[in-house]
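First, one chain by itself: the form predicted alone, in structure tokens.
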Amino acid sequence: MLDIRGLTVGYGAQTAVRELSLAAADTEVLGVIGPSGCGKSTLLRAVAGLQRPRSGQVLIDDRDVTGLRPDQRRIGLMFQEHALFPHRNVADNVAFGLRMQRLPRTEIAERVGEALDVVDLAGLERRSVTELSGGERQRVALARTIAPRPRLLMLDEPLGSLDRALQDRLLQDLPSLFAALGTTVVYVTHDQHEALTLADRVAVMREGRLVRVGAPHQVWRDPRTTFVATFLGLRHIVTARVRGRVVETPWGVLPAPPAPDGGEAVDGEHPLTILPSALRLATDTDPCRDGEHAVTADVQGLRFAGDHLVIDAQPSGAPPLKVAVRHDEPPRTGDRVTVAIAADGVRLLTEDR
């Protein structure tokens, strides 16, 4: 449905997006993530027609729209700043774009009602936007974006200004909303948790380029580069040495995992990470299993993490291991524990270039 081909976009002497190619299928939710300044918002502006690219093409439904004005592309674009009109009520804010299209009043009223129903704000048409909560204002902005029935919906950091509790609530609501819209969605954020929760596929950007594209579980379980692993919040990134069928890590010798490209790992030094799910505490009643490597460590601290605790386990002569444990009967600071490392959760990485 969306096909970006070799897009390069810049401002003066600065190049913000470099020869980027990316496609999104019909009704797919595509999450574009990366640190601030990596070119995410510039990419959206170029697709929407707000920024002219230096080279490359943007195609929507196989139609080249690169030279078209924003209003000719059937795109809905919502930025973090909702930019609602404070002197207008909810219905008038949602109807603004429809009036710009000079649609009949009856059709405008029908579409406003439809959009507010989708975002669960039916009945608030006459409410002043200044009387709404932050989450309700965010929903009004979203309703205004979807009311013109865009073929492509693009959201730029839509939850960035909301508190964490409201973000979590909307993260639960947005998937069903996207499904009800039946449109393609490009969701841009620097918050990897948002993208991994909402997207069908995730595209990671760095310095104007794509460095990893895949389903959320694929990108999380196979980051491939130190940059992607670090950006996703994976810890335990160290330098290890592959020797034949084993890899020598600071925590001991483990079976050598495949190379990031899926082939056999080459002897020599490589960056390496351990997935959080590969770490657990072994106990007398649940000792290390086949495929796990035991590491003795001292507990140096515990941290609350919602439905679980994270302990800092310090092995002798090796970097600490952060292990998730249940709230019931957690170890105490100073306890000696056994950390089990599952070999199938070890990943070799490539250095970023």
Partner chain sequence: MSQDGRRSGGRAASLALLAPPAVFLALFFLYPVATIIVTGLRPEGVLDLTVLARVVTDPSIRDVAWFTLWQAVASTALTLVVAIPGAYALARLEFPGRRLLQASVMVPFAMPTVVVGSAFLALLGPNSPVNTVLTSVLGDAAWTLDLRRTVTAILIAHVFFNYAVVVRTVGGLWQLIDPRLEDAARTLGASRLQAFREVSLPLLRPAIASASAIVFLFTFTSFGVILILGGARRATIEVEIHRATTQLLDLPLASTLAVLQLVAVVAALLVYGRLQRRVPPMPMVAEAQSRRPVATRGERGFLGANLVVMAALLAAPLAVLAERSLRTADGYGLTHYAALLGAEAETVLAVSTTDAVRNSLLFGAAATAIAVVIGAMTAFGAVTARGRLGGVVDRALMLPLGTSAVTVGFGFLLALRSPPLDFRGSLLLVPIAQALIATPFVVRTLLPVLRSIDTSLREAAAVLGATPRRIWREVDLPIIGRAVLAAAGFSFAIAVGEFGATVFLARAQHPTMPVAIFRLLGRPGAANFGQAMAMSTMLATITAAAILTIDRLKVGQVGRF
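Residue numbers count along the first chain shown, from 1. If you superpose the two forms and keep the largest set of C-alpha atoms that fall within 1.5 Å, you have the rigid core. None of these values were measured; they are calculated from a predicted model.
Another form, the form predicted together with the partner chain, is not on view; read the next lines as being about it.
State yes only if every one of 178, 184 and 190 has a non-hydrogen atom within 4.5 Å of the partner chain in the model of the complex; otherwise state no. Zero of three within 4.5 Å in the model of the complex.
Hey, of 274-282, 201-209, 87-95, 253-261, which bit sits against the partner chain in the model of the complex at 4.5 Å between non-hydrogen atoms? Stretch 87-95 is the one.
Going by a heavy atom distance of 4.5 Å, is residue 245 a contact of the partner chain in the model of the complex? Looking in the model of the complex, residue contacts with the partner chain do not include residue 245, since no heavy atom lies within 4.5 Å.
Would you please decide whether residue 164 lies within 4.5 angstroms of the partner chain in the model of the complex, comparing each non-hydrogen atom pair? No - in the model of the complex, heavy atoms of residue 164 and the partner chain never come within 4.5 Å of each other.
Contact label in the model of the complex: residue 120 to the partner chain, heavy atom within 4.5 Å: No, residue 120 stays farther than 4.5 Å from the partner chain in the model of the complex.
Exercise: residue 237 in contact with the partner chain in the model of the complex, heavy atom 4.5 Å: Taking the distances in the model of the complex, the answer for residue 237 is no, it never comes within 4.5 Å of the partner chain.
Which of these residues, 269, 168, 81, 107, gets a heavy atom within 4.5 Å of the partner chain in the model of the complex? Selected residue: 81.
Considering non-hydrogen atoms and a 4.5 Å limit, which listed residue (291, 70, 287, 35) is close to the partner chain in the model of the complex? Flagged contact: 70.
Can you tell me which residues in 35-58 come within 4.5 angstroms of the partner chain in the model of the complex, by heavy atoms? 45, 48, 50, 52, in sequence order.
Rigid core superposition, residue 83 Cα moves 2 angstroms or more between this form and the one not shown: Yes: residue 83 shifts by at least 2 Å between this form and the one not shown.
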